[in-house]
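Next comes just one chain, in structure tokens: the form predicted alone.
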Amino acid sequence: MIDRILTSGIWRRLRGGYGLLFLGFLYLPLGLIFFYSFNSNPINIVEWSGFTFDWYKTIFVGADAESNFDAVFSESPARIFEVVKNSLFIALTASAIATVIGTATALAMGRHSFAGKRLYQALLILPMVVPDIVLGIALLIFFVGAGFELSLATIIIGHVTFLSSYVFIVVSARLAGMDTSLEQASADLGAGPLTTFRRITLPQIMPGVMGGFLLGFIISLDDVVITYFIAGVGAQTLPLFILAMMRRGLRPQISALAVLLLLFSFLVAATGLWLRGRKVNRH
């Protein structure tokens, strides 16, 4: 009876409807951001008053000199490019450092046994489960107590602390499914540890390394809570800039910036998937 129900047309339609509802639940808010980024109403973003590209135009070239109304409700391109440059610099630097630390740690944990290994693994994952606000306050206390001046450098250091855990998890998963017979064969043929790593190990774990780097890049680029606590004066990132804009009102230019940030994140994720598929096809 149950098998007959599960194979019936009604059940298949219910499953299809559930899938559509779930996708709608996931992507409807993103669709609304995209839709309202073209709203010409500069005061109330959710009150549609006409279609316009002006808010995207204000991001790149600024508001028209004759459109004083748009200028009041938009930020200058120079200021936007400055915070975008800060965000990209922080994300690239922090994710690169975290990739080196996370990969080296994953290799050490995967290739060696020592007392307290499980405890060490748990401590490595801990920054991922600690609430962002707690980690942000802890980092702020550390930097102030150690005499650091809050700046882009403190943001990078703070991001590396938790991004290294993400890279460690991704690379460890790749190492767990890796065939070690090639490494053993390389060692038997007289290759040194460095040669074996460069010619055998690194090419096999490269998809995991790239995946960890891109994951860290996206997380760093979007981070708000931790960055809020450890950013100094003049070290504003794009998410903090958008947050500051929202305090002065929910304007369409915010939606336009959010859409561009979303598209860039999708582009980075698609690049990661393409690189991973390319590596897989080579094997």
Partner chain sequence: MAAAGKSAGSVASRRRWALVLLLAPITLVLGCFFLIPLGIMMVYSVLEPGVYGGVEWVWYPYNYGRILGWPLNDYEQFDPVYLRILLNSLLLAVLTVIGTFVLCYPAAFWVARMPPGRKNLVLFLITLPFFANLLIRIYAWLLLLRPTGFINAVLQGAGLIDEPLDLMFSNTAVLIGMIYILTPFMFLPLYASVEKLDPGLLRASQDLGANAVQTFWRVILPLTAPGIMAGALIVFIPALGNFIVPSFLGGSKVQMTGTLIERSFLQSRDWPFGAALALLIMGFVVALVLIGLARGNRAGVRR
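A quick note: this is a predicted structure, and the numbers were derived from the prediction, not measured. Residue numbers count along the first chain shown, from 1. Definition used throughout: the rigid core is the maximal C-alpha set that superposes within 1.5 Å between two forms.
The form predicted together with its partner chain exists for this protein as well; it is not shown, and the discussion that follows is about that form.
Visitor: Let me test this: is every residue among 32, 111 and 137 within 4.5 Å of its partner chain in the predicted bound form, going by heavy atom positions?
Guide: Yes, all three are in contact.
Visitor: Go through 76 to 84, 199 to 207, 171 to 179, 155 to 163 and give me the stretch that gets within 4.5 Å of its partner chain in the predicted bound form, heavy atoms only.
Guide: Among the candidates, contact is made by 155 to 163.
Visitor: With a cut-off of 4.5 Å between heavy atoms, is residue 218 one of the residues that contacts its partner chain in the predicted bound form?
Guide: Residue-level check for residue 218: yes, a contact with its partner chain.
Visitor: Taking heavy atoms only, is residue 131 within 4.5 angstroms of its partner chain in the predicted bound form?
Guide: Because a heavy atom of residue 131 falls inside 4.5 Å of its partner chain in the predicted bound form, the answer is yes.
Visitor: So, in the predicted bound form, is residue 255 in contact with its partner chain at a 4.5 angstroms heavy atom limit?
Guide: Judged by the heavy-atom cut-off of 4.5 Å, residue 255 is in contact with its partner chain in the predicted bound form.
Visitor: So in the predicted bound form, does any heavy atom of residue 36 sit within 4.5 Å of its partner chain?
Guide: Yes, residue 36 lies within 4.5 Å of its partner chain in the predicted bound form.
Visitor: Hey, which residues along 243 to 269 are within 4.5 angstroms of its partner chain in the predicted bound form, non-hydrogen atoms only?
Guide: Going through 243 to 269 in order - heavy atoms within 4.5 Å of its partner chain in the predicted bound form - the hits are 243, 246, 247, 250, 251, 254, 255, 258, 261, 262, 265, 266, 269.
Visitor: Quick one: core overlaid, is residue 48 moving 2 Å or more at the Cα between the shown form and the other one?
Guide: Yes; that C-alpha moves by at least 2 Å between the shown form and the other one.
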